[in-house]
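This document opens with one chain alone, in C-alpha cells, the form predicted on its own.
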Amino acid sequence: MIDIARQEWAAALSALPTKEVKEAAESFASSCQVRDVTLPQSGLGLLTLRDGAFHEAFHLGEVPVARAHVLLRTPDGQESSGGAILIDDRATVARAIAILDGALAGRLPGWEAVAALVERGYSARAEKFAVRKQIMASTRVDFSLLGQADEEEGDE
C-alpha cells in the first residue's frame, strides 16, 4: 500500500527521468486499452498570487502547463481514470503520467511497479528539497548584527 497522497503522484513522477516515466507508461498501455477523455494539451497558464499585506491578487507571469486525462480498461473489464496537470510544456509527459496515475488509482494489474516509481520519485523530490533548504540556510543573512554595530558607533 502506498502512503503518498494522490495529489503528490504527478510531482513525484515528474522528478524521475522522463524516459523512464514514458517507458513505464508505454509498458502499461500495451497491456490495456487507453482512451483519451480529453486530448493531451500544452500551453501557458497565468500564475496568480495574493499580496501578503492587502490580500489582493496579482499576476506573477505565465508558466507552461500540460494536461491529460485518460480512461484505462483492462482486458478483464476493470476501468480506471487518470489525469495529470504539470508545470511543463510536454503534453506527452502529461499523458504518460496520467496513464500511470490511472493504473495506480484503480490498482490495475501491475500497479505495484507504478507505486515503486512514485515512491522513488517522491524520495528524489524530498532529497532535492533538502538540498535547496540547506542552500537557503547557508545564504541566510543575520541583519540583527547591523543594528548592534550602529549602536556601538554611537556610544563612542
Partner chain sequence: MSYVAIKGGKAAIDGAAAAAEFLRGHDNSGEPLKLSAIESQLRLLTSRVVSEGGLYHPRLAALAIKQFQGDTLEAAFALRAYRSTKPRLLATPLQDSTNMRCIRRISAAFKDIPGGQMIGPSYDYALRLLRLDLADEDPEAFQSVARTFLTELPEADLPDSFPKVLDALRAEGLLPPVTESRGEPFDITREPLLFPVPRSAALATMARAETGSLLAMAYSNMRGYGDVHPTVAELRVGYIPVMVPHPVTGEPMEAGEVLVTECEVVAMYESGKAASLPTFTLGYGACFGHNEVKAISMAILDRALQKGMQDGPANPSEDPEFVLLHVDGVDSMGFASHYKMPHYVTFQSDMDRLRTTQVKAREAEQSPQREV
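Numbering follows the first chain given and starts at 1. Owing to the predicted nature of the structure, the values given are computational and were not obtained by experimental measurement. Rigid core here is just the name for the largest C-alpha set that superposes within 1.5 Å across the two forms.
Keep in mind the form predicted together with the partner chain is missing from the figure; the text below concerns it.
- The partner chain in the predicted bound form is approached by V65, whose closest heavy atom lies within 4.5 angstroms of it.
- At a distance threshold of 4.5 angstroms between non-hydrogen atoms, S31 is out of contact with the partner chain in the predicted bound form.
- The partner chain in the predicted bound form is not approached by A25, whose heavy atoms all lie more than 4.5 angstroms from it.
- Remark: T92 does not count among the residues lining the partner chain in the predicted bound form, judged by a heavy atom distance of 4.5 Å or less.
- Contact annotation for 44-75: residues with any non-hydrogen atom within 4.5 angstroms of the partner chain in the predicted bound form are L44, G45, L46, L47, T48, L49, R50, D51, G52, A53, F54, H55, E56, A57, F58, H59, L60, G61, E62, V63, P64, V65, R67, A68, H69, listed in sequence order.
- Core-superposed comparison between this form and the one not shown: the CA of K19 stays below a 2 Å shift.
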